[in-house]
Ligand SMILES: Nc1ncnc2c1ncn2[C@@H]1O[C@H](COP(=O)(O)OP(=O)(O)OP(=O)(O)O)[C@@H](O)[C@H]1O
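Listed next as structure tokens is one chain, alone, in the form predicted alone.
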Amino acid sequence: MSDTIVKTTDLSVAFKVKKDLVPAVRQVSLSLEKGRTLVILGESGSGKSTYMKALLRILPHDAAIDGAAEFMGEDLLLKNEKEMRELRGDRISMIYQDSLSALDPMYKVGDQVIETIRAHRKSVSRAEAREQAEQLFVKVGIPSPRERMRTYPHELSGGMRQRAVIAMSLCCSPYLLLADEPTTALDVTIQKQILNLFLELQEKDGMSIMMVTHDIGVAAQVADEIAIMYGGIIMEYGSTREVLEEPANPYTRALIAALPKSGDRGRLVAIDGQPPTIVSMPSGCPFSDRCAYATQICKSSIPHLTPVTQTHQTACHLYERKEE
């Protein structure tokens, strides 16, 4: 059996705007191996979350999905809604950015985890599910688990709520965990604890993780591979070291240059301009309007991923010409 957990080939997503279909994700080909972490990194509006939601088929009904998306060899785009419901929360789980909205404010946190377990494991009694939920709370580092299970979401801190959401996502021992900006709303100390928790759980259970974030620091801490996304396309892909230490794409280099440097009190090097929206996308490279190196071909033609090394690729016309 292949070690590839999830693989997309030319996956595209478009939304209906008035009478037109407007692309939000454009021909994205990525794969994730068992026990590894892929981080999709980019600015807000780049298509990261849309790509991830397309895998789970939880986009609005007017979204048009094209290409191929395989999970453990099964084509996700060919499954009906009943089959997808059985898959979601069982073999594939997702953690959302806002833990408060991910939990129902009307029900105690423990009850929500218990019902999630029983929804996917029909033969498990409520008493057994309660015991499993308590063990999960211990696993994700929630102190006094029995007491915390009796609380409502608003009675927990942001860090504890996020741990409860992680416990819920792990209740069926998923093969794949999708995490959509899982630490954005947390302070730096809690953020580090949550990221370390992901790494610990992955090491113990061999789970694969796909995470989207706009935070390079988060990507550097947890990723085995990084995909840089902008304007709905993959601009660069490779190992964490290659992408962050030897970036081959002007957009990646601009992102890294915009980071504050230790001990540097000077002005940050901001990227000029604003990211495009799906209704104002350049006809060529999506970064061409903000790139200092853009030429006419950049403005008229979308670049394709070109090998830099065996494990490193970049989508840039400048690099393509260098290779010729």
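Computed from a prediction, not measured in an experiment: that's the story for all the values here. Residues carry their position along the shown sequence, with the first being 1.
FYI, the form predicted together with the named molecule isn't displayed, but the following is about it.
Undergrad: Please determine whether each residue of Val17, His214 and Ile278 possesses a non-hydrogen atom within 4.5 angstroms of the named molecule in the model of the complex.
TA: Yes, the whole trio is in contact, each within 4.5 Å by some heavy atom.
Undergrad: Just one of Glu181, Glu134, Asp111, Glu242 has a heavy atom within 4.5 angstroms of the named molecule in the model of the complex, so which one?
TA: So the residue touching the named molecule in the model of the complex, by this definition, is Glu181.
Undergrad: Taking the named molecule as it sits in the model of the complex, is Thr151 near enough to touch it, meaning that at least one heavy atom pair lies within 4.5 angstroms?
TA: No, Thr151 sits far enough from the named molecule in the model of the complex that none of its heavy atoms falls within 4.5 Å.
Undergrad: Counting only non-hydrogen atoms and a 4.5 angstroms cut-off, does Ala315 reach the named molecule in the model of the complex?
TA: The answer is no: Ala315 has no heavy atom within 4.5 Å of the named molecule.
Undergrad: How about Pro60: is it within 4.5 Å of the named molecule in the model of the complex, going by heavy atoms?
TA: Output for Pro60 is yes: heavy atoms within 4.5 Å of the named molecule.
Undergrad: Does Gly45 reach the named molecule in the model of the complex, with heavy atoms at most 4.5 Å apart?
TA: Yes.
Undergrad: Counting only non-hydrogen atoms, which stretch in 30 to 38, 66 to 74, 48 to 56, 295 to 303 is within 4.5 Å of the named molecule in the model of the complex?
TA: Looking at the partner contacts, the answer comes out as 48 to 56.
Undergrad: If you apply a 4.5 angstroms heavy atom cut-off, which residues in 94 to 124 are near the named molecule in the model of the complex?
TA: Result: Gln97 alone.
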